[in-house]
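Provided below as structure tokens are two forms of one protein chain, presented individually as structure 1 and structure 2.
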Structure 1
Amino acid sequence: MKKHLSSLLQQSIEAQQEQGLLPAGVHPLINIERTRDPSHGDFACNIALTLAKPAKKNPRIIAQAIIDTLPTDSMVSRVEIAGPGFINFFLDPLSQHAIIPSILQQGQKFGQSNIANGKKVQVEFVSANPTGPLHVGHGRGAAYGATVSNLLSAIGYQVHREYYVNDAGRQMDILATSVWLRYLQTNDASLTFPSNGYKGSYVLDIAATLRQSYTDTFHANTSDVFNDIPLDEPVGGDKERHIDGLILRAKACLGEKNYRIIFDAALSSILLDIRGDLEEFGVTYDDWFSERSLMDKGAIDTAITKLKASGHMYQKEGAWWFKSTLFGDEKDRVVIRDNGQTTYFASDIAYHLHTLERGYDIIDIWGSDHHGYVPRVKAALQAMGADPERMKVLLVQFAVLYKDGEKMQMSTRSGEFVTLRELQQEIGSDAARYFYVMRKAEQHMDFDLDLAKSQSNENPLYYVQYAHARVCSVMRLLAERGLSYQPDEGLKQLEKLTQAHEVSLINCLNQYSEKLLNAAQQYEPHQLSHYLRELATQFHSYYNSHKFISDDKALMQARLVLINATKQVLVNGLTLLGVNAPESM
């Protein structure tokens, strides 16, 4: 519609330019927007205001001139000048009715488009280290990533959803060592657990399972384990050196094979947990991509070779550095440590390169604490000859959690956190998904757990779902009264829908595709959730002021068609948000 109006204006402006009333050679951007105030019509254009300066004329005079040469159009009933020189378009309400048959015909597909034309994009999200269960902080990334994926898919992207599993590296070693020490503790309660180990109860569970399956296979004497290990922080030492010492000791005591058994047991147990939680949250992936598999494939070596070949690597103090400052990063970054091990950064370079080579553009959804990481990854891609524009990072701010009015710190290490699973059990997956996605991602979010739990009925989601359930309820009653719904009849009677509530509801339906497109292109699911609330508002208001089931059969069928179209749009929108649309509540 915007395009349509825009072309009408374009024609008019060109006509004015030919007549010399407007300066030729000026090609202003025609900007059409929906009005906020219905008294300003349906669409407004500020073109006369922007032309005022180059034309050196009063904007209202320009507006009048443009209107005078504006081609007539069946969809436009009236055009007005308002305020300083806005051109307001009033659409013919009857022409708006066409959206209704269109919704009913297209059903679940209504609102979708193929603007992206099948372009391949990978959305990588959550990707929390498998060192513990997901907590509510991860929930936001999960809900956001899943919804952005759905939105992109709805406008024609071929979306690949991926979870990058950090199954290599020091954190995993700390986890494996933590499990082993808990295992040893079951035999020797005097063993002091390191302050920097993973303290969550799930570590105890994994240790207990190992004890059952392997009995004493991994046994070691406490004194041998701690012999010559640097002191821990609480007793005046350094917690990092202490845990690193223990990791080495674990590997030495257990041997490669047994250490790997414990490591893999911890990894698979936690990964299974994460996967289950996400599935219950309605979040699924096309691939769980293992960091270790990158190493096994030699992809990291390949990437490093490529970087070296680019001439942007150098050696300093025994380590290999990537000269990322050449590409706008704050400082150069280590890729290979002086001990010969590659850094996490090296894995990430390889991972991103690998993804691009698979033909996907990249959308990474990261916690905002990783924002400083963006320039170096892009720098590496650029150095290797890839286009850094193919990688887009969406940062999600942390949800600050409040419980009993107090702020809670989320820490996997300390084991003090509210898990995503607990949240689901308390308020349900639908409410949680909706809640997370109501705010835009880069906005800080306060998550009041008590409110979410105790007043879950006030969650705005129920308002939207209720609108859907009400339509279903009307349809049930219709059947109970022995009446039937005849869409074909209703579609012939659309001109009977002239009430103010009906006009504005239809107007709202007309905006769905546009909102969906915006939400997808801007990666902003909240735009969709706000729209759905507005649609529900229009419906509830209509419901309260007019009867749908009545003796006037023609009017009744017309109204039934309208509310069923509304229902369809509600379903389509909620589906994209990963939320159910129940028939009764």
Structure 2
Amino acid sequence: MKKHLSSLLQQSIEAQQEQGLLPAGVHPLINIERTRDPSHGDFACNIALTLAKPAKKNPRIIAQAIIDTLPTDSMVSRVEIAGPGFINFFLDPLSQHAIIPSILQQGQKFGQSNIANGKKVQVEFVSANPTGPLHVGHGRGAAYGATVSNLLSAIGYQVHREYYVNDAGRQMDILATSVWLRYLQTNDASLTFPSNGYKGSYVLDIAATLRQSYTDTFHANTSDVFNDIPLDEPVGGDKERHIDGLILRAKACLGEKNYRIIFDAALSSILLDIRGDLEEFGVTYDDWFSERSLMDKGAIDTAITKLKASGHMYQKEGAWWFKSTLFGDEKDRVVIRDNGQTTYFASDIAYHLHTLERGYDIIDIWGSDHHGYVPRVKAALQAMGADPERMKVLLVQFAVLYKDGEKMQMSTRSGEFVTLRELQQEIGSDAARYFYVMRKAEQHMDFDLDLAKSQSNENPLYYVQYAHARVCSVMRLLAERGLSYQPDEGLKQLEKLTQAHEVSLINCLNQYSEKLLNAAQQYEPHQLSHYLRELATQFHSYYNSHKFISDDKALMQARLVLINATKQVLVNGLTLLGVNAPESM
């Protein structure tokens, strides 16, 4: 409808220009918005105010001239001037009915478009270090990333969903060392576990599996293991130097082969759990991209060579630094440490360059604590000759879970956290997915577990799903009474849908495609969840005020067509959010 009204306005403006009433060569952007107040019509346009300056005329005079030369259209009942020069359009209510056959004909594809024209984009999300199970904080990024991917696909993007596996680096070494120490602890209970190690029960499980499979293969004398290792923090030492010393000792005691067995066992076990949890959550990926593969392919060396060739790297104190301050960063960043090892930053810039070279634009979904990391990665891409504007980072605040009014902890290192698996077992995947995307991703979120479990109108998901279930209940009742649904007949009787509740519901259905497009282009799934809540509200009001099965067969079929169109839009929206539409509740 916006495009249609824009076309009418454009024809009027061109007619004004031909008559010399408006300056030729001016091509103003026609912006049409839905009105918030029905008394102001259905749509409003500020084009007269935009033209006032170049035309050197009062905007109300311009608005009147545009209205006078506006082509007659059966969809528009009247046009009025409001305020300083807004043009308000009042649509013929019957013209809005055309949305109903469109919904029924297009079915699951209703609302989708090809605006992006197949443009390739990679959405990288979650990508939590495989050092422990996913917790409820990661769940928000998973729900958000999966839904953004669905929305982009719905408007014509070719979306590649990717999980970047950090299977190299210090945190993974801390995990492997933690597993080995737990393995040793089964023979020496006096071993003091490092304060900076991973303490979750999953580490004990991995260690027990290694003990069962390899018996004493990885045994070492614990007094030798801890000999000359820097003291830990609880006894007056430095926890970082302590764990780094233990990592080096583990590699020395075990040798490369056995250390890699423990490392890979820990990685495989945790990755298997992460994959399983995400699949249960309805989140799947096209690729699980290994950081280690960047090293194997020489991609990191290639990126570093490009940075050096660009003149944006220098050596200091044995390390190689990237001149990120030239691009607005607060300080320069280490790319190669003084021991010759590359940093996480080196891997990240190589990964992003590699993705761009594969032909994808990039959407990264990161935790909000990574906001300072964004400009330095973009700076490195720019320094290597890539376009940093092809990379977009969407930041997500971690959700804080509350149960019985108590805040629940989520620390992976300490092992005291609520896993995503436990959350799904508690409230189900549907509630978790929906609640995670109800608010802007960058806003702080308190996840009310008790509300998510409640079966009441206060629970927004229940309220939306119940609307779908109510339509299904009407159709079951129809069959029980020996009556049939005849959509072709109902479509012929749409002019009978003139009640206020029907007009409001039909107007809401007309907004779905626009809401979907806005949600996708602005990366804001909450817009779609808010729309579904409004659609459910309109439907429940209609349901509570009118009978759908009646002796007036023509009216009955028209109403059945309307509620089944509503059902289809509810299904389409919930599907994009990764949520089911139950037939009974």
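Along the sequence of structure 1, residues get numbers from 1 upward. Bear in mind that the values here come from a model prediction, so they are computed numbers and not experimental data. We call the rigid core whatever largest set of C-alpha positions still superposes within 1.5 Å between the two forms.
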Here are two forms of the same chain; which is the form predicted together with the RNA?
1
Is M172 in the same rigid part as E18 between structures 1 and 2?
no
C-alpha based rigid-body angle between structures 1 and 2, smaller part relative to larger, in degrees, is 13
Rigid core fixed, the Cα of T50 shifts between structures 1 and 2, in Å, by 5.5
